[in-house]
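We give structure tokens for two forms of one protein chain below, kept apart as structure 1 and structure 2.
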Structure 1
Amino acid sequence: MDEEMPSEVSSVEAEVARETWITRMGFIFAVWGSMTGLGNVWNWPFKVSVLGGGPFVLIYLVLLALIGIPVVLTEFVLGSTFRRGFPGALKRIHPGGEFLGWFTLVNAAILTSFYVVIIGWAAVYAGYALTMAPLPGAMEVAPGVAPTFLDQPYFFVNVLLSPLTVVGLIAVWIVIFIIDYFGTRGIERSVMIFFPLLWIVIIMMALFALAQPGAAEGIDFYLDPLRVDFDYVEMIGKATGLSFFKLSAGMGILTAYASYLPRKGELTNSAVTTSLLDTTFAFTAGLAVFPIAATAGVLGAGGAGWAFIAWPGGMTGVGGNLLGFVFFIMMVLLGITSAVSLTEAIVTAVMDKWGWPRNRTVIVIVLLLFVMGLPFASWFEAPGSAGGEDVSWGLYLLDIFDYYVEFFGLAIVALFMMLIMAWVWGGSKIIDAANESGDFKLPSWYTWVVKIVSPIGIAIALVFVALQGFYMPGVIADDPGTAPLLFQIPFIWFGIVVIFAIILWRMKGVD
């Protein structure tokens, strides 16, 4: 049936009803909002410091040019050409493409379900910094004394081992729901406010941080330009995975957002601008975080544990509770604009396939994602945990799924999407579509970047990550009772994603 529906016809017909962004600026800000999230403040700076300092930043920029930006651009082209969400657009290239589309969205839905749990913790922290109300059910640090930010790890353990995780989760989902209920209007309006606000906050924080006595030590920890002992294999593998996570690539989001563009999208320009804005924000966040951490004496290895244990205590020690509040509210807003984007990518795909109205779709998808997140918000204590890091079942599951979704899921999607777009559809068509508008024209040799360089780069990165071995949080791997069960997780992850993708793909729709 696809042969009877040439893409020109279907895209013209889709034009009638589809929502659009009010301004091109709105599109750019919305994409930036999606790209710039929790990852900018925790993930990026810490991977830089752990994996290779300044030289890592250079490698990241090279990979951005060779792999990241071509993938972003290709997702844009897909959305703006076919004016559908990810599955519907890929279906117009090849019927099997729709399977990849749903695989992508199921994988990214798992990511979102635990990502919002983390935003929920940040919301609890922000609420605490604002009100200083003792946490309900707090384990006491002394008789009658509830833990504060400074009493770590008790404060974090207290949050993790209490239903507050679910309270935070619900609060954040309510905000996401409200924004997405109004579709592109809601997204555009919210990012128009958040964009300037978040930039002002991160720049002021960086200036404040650089004025602290620990600034030099912090920057040295962050960028260490003289380091030479790199593990290039790990660096390249992880930098590629990180760039997809950062750029919202391999999630179907960029295609969904580009499908709302009016005709002249200036795609190349938008891809470069948004990717560089995201990297700049991440770089600035590093300048804000490390000098404060060094001043407080809490420079450390990063990760969820560090972010919610050492950092909040150290930070409030240096900048008081006001800084604590500003920081965590910033995390909440950064996270929400990312989570909204994936919710919207799923919503638009469901609306395309089954012709549901927006309000019903948003309610169903938000409820579904909320329920999927509950295991990650589980506050029951996991066996073998000694208090400190990795205490609840929720955090264990989150740690493991995060690794597989981020380092394998996104890259697998990006690889197959590039192959379908550049080889089945046509590499030169990608370049033509990108060059349709805007003053920045890609040269014709760029066809080989999307056909050869970028897919091979992704494949190499996947092999490099696999060569690092598969990750298990230490306590679980050491615990004979739980290790066998949890070792199945990569297979459970892959199985779940494939089965649901097949079901959604085979279901009858109207599109």
Structure 2
Amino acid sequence: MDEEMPSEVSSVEAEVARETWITRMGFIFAVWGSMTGLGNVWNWPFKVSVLGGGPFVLIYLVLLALIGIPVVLTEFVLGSTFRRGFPGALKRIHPGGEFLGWFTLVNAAILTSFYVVIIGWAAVYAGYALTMAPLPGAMEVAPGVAPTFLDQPYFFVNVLLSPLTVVGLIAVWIVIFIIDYFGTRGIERSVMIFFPLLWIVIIMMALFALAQPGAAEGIDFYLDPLRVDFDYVEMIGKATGLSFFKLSAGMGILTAYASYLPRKGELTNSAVTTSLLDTTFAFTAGLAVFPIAATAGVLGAGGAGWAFIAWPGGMTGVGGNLLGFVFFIMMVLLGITSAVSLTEAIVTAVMDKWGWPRNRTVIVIVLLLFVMGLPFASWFEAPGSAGGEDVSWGLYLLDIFDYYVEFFGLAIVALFMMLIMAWVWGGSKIIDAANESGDFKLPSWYTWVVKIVSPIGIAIALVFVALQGFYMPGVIADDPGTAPLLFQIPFIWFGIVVIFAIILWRMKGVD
């Protein structure tokens, strides 16, 4: 299993001149920006609060060490060793690996297309929070009275049923295009600004939150293990999934970013540092949002509905529209850093395979992803029989694809990537490559972590994802008439991704 492969990086074409990060800190910040997305503000805190508080955090940290960080390190090794994006790097281990690479990036393209739509909502919210301008539309607070940012859910419904969804989409894509057009230089310079700014914002929000009257109640809701009767099986399953879902694993991002490291760039410390930075930011976000949510009287909600309805609606007596503006600007910046990395993973793979220059590649990929996002930004009202409570066709389509693209897709890719790297290429090679220039050396027994522990952990998470996706009521809609979709949608999604992955895999390239 561990013998030398003839297509490894000793080949001439693997030594082609390649962009590199200006500094090691720039690489770490860029990876952290990719990991730290919208979910750190609404998804992580509420999973902690409903799954066991402090004990859940401890279990998560253990699984982060056994599953999350090994996956991150393995992707770093893949990109750094073969100096290619995800498909090209896997191809050098096994020809069939390229198919998994394109499967990953087609799935990531769908994810990016609707992820940027949500960032667009946040951008619209930030603008209206600052101006407090009324938003006319389908739902009014009273006859003839248009809602403002603080009037929820009226405002949210009017955003969804307004062309502003497309305006926000365009605005966000312009920023992503500008950053990615300049490659590693653009990404590195942007995260050097965003990284300290986001940390200043979240720390200031946490300090403000802890001074609120509801601080004790909020922290108790967040971390008290005795508040809920938790299920250790569910807790471990969800913590296993989060231990790599939160770290940009299974998207090809970490491989692409590591491919731009200088020769023998440091990997071990970078994998640990970025993973802990992401977790620390998410934990701090919980300290910020729960005391404010308790004071505003909106504890107990979660997900996008909390971020776009409960939180703005509860801001009247806490920080008003200015706190809402800060919150949604933070969401926009967090979202952009992740969306840039998703776009770059695709751009890197296309440049590698077809030899296109960056400027042409970025233009084509951004336009393609923008067009793919238009259905998710559709503001036309969805009939109740089809859309349930999803209001617009855009939100209905987003709900359908989100679960399967984000959870099924990432788990499948992460599992097979670990199997290919640890068993086809060789677990000992992963450790040797990481130790070659690492700030600290991994012990030889760590080989079994990447060969056994991490793949089993991912497989367990995949089982939980599958069971929840097929049997949890209301994943797609509350209307019983749509129940068959619970069984049809994953096959539709899988078919789309597989077909396009095969086409891209079989196309002739220069790499």
Ligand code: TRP
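The model shown is predicted, which means the values in this text are computed figures rather than measured ones. Sequence positions of structure 1, starting at 1, serve as the residue numbers. Basically, rigid core = biggest C-alpha set you can superpose within 1.5 Å across the two forms.
- Here the chain coming from the form predicted alone is structure 2, while structure 1 comes from the other form.
- Fitting the two forms on the rigid core leaves the C-alpha of residue 411 displaced by under 2 angstroms between the two structures.
- Fitting the two forms on the rigid core leaves the C-alpha of residue 184 displaced by under 2 angstroms between the two structures.
- Core-aligned CA deviation for residue 339 between the two structures: less than 2 Å.
- Taking the core as reference, the C-alpha deviation of residue 316 between the two structures is 4.7 Å.
- After superposing on the rigid core, the C-alpha of residue 145 is displaced by 2.5 Å between the two structures.
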